[in-house]
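Presented as structure tokens, the chain that follows is alone, the form predicted on its own.
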């Protein structure tokens, strides 16, 4: 089990508000001791960035070359997802043209994952708004229908889709909150490229004993999101600063046969830039301790 971080890990510079670009994040994470990376493409549809212009393929190739020079590799990505609260998303999906643009960028994200060498693209499952709560078959069919082009491209490029466990939000019961729902989707597809991502922070919100949920999915877990919280809010804080029972989580991952890399999804802090690498080195130490619990 290797330890990794996301390209969003360093957030913005406290001094200027400037977002720290992926190539710099890769260089610094590699120097601080991380072994693998996750390309965070969650906001690809929300604004400008290195992958929005016509040269996005070249940008991806250059980022992969940079990672190789630093001795790290990209193993997974986080695809764009539709937020129920962010104004840009609400506006985007108010028109068919906007929804199609999102779809184009979702497909682009899968190709970026492939160019970088990633094997798994993490995606949030969606609700069928026309289906009743508990009609899992309807939700499964809905996800496969709206992701038909993504699934086709994944097979072409040999990139897997890892459906992530999520949590209820804004009083909406969301499909994919429970491990059993993800397992039903995976079993229905019977496809080695349709698997699961286990988000430990989300699991801490939805269940008191996520070790049991992890065992339901077993070796279908191909990607991990590692972060902590207070059991109520999706805070994305450092491991051991919340209420996650890390010993039981890591033991359950081991016993379930999960072979995924341990990838942090913590929120970029507001530390002054000259202290940021010390912070990342501390996170490397935390991750190494978590790996020592994987038994």
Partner chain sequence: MRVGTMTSLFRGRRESPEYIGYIESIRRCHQAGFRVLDMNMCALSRRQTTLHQDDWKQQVDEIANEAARLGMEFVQSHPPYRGRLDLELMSTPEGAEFFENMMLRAIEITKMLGGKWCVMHPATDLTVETGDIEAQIEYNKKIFAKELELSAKIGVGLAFENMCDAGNRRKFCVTADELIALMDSCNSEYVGICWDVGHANRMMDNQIPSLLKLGDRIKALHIDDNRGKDDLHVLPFTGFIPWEEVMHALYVGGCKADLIFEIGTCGDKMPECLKDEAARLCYKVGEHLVSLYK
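Residue numbers count along the first chain shown, from 1. The structure presented is a predicted model; accordingly, all values stated were derived computationally and were not measured.
Just so you know, the form predicted in complex with the partner chain exists too; it's not on screen, but the next bit is about it.
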Candidate from 245, 52, 27, 64 lying within 4.5 Å of the partner chain in the predicted complex - any heavy atom: 245
Sole residue of 235, 59, 42, 31 within 4.5 Å of the partner chain in the predicted complex, by heavy atom: 235
The partner chain in the predicted complex: contacting segment from 266-274, 66-74, 42-50, 253-261, heavy atom within 4.5 Å: 266-274
Distance check, residue 18 to the partner chain in the predicted complex, heavy atom within 4.5 Å: no
Interface membership of residue 23, the partner chain in the predicted complex, 4.5 Å heavy atom rule: no
Partner proximity in the predicted complex: residue 12 to the partner chain, non-hydrogen atom cutoff 4.5 Å: no
Stretch 267-292 - residues with a heavy atom within 4.5 Å of the partner chain in the predicted complex: 267, 270, 271, 272, 274, 275, 278, 279, 281, 282, 285, 286, 289
